[in-house]
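Next up: a single chain in structure tokens, the form predicted alone.
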Amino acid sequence: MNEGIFKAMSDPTRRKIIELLKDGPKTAGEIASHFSHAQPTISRHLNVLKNAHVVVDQREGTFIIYRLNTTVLQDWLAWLMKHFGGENNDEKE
């Protein structure tokens, strides 16, 4: 399990960034336009998400485009469901 994902998901700003990226790739500027935070603050949040492998970035010309890494999110959600999903969480094994 990627432990960094817990830190990444613990902050409401980072969760909002993930929500924004679910609609498709965005530049840092496009992401920052949804917040009152300064650009360096958003960059720090994006770095936490990158370090947790929740988002990936790719340079396209003078822009850096951020995309969700859905595989990591799916793995994390599967882990959560297995351990905290309620009655059917494999406790009987």
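Just so it is clear, the model here is predicted, and its values are computed rather than measured. Just count from 1 along the sequence shown to find any residue number.
What comes next is about the form predicted together with the DNA, which is not displayed.
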State yes or no: in the predicted complex, is some non-hydrogen atom of Arg44 no more than 4.5 angstroms from a non-hydrogen atom of the DNA? yes
Just checking whether His37 would be counted as a contact of the DNA in the predicted complex - the rule being heavy atoms within 4.5 angstroms. yes
In the predicted complex, does Arg67 have a heavy atom within 4.5 Å of the DNA? no
State yes or no: in the predicted complex, is some non-hydrogen atom of Ala28 no more than 4.5 angstroms from a non-hydrogen atom of the DNA? yes
Could you pull out the residues of 58-72 that have any heavy atom within 4.5 Å of the DNA in the predicted complex? Arg59, Gly61, Thr62, Phe63, Ile64, Tyr66
